[in-house]
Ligand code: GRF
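Here we start with a single chain on its own, the form predicted on its own, put down as structure tokens.
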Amino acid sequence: MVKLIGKKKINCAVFISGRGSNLKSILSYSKKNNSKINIRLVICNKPSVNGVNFAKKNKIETKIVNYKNKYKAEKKITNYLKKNNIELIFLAGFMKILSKYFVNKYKNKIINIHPSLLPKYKGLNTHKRAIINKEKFSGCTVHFVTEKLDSGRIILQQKVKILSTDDYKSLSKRVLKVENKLYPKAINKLLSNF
């Protein structure tokens, strides 16, 4: 686990693949007086997404990593993390599965947000699957990343009621709004003992 002895803030990296809405909420949280995190680095596997533009506008070091070869990609990422003294990684809509080697190298230091009430609906198309199965609730979960997909220890969850009028797009939008609030709360909870 991350230790904060004699330190002001923990250096963090955020991994993204798209618009960066959770990156925005994490960055906003990091600027609060009581926050214990400092966003030093953004890693993205796509060059021209909104999240990258947002990170650059906010003067956060941003690295685009080509994932055609996972081994090479993760080697580059590891170097960037070392260079920036990164101690905690937040996956925020990062649409690549990290290797077992990488996950074990950063054991208990990688956090993810997933758009379902885990352990239900691991993987992709969570909203569609919840609607097809006539679930009453969907939601989101912040959890530790382990070798098994979407299976690490849960830090925080929040339910979102599925409305009779919902399709997967409308449900996705409502869950995302909850994600943006839940991720900072989960980070705060995780680091409250330090």
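Quantities reported herein were computed from a predicted structural model and do not represent experimental measurements. Residue indices: 1-based, along the sequence shown.
Omitted here: the form predicted together with the ligand. The next part is about that form.
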**OP:** Using heavy atoms only and a 4.5 Å cut-off, determine which of Ile86, Ile113, Ile110, Leu98 is in contact with the ligand in the predicted complex.
**Re:** Ile113
Original post:
Is Ser21 close to the ligand in the predicted complex, meaning a heavy atom pair under 4.5 Å apart or at it?
Top reply: yes
Original post:
Val178 near the ligand in the predicted complex, any heavy atom under 4.5 Å?
Top reply: no
Original post:
Which of the residues spanning 74-99 lie within 4.5 Å of the ligand in the predicted complex, based on heavy atoms?
Top reply: Ala92, Gly93
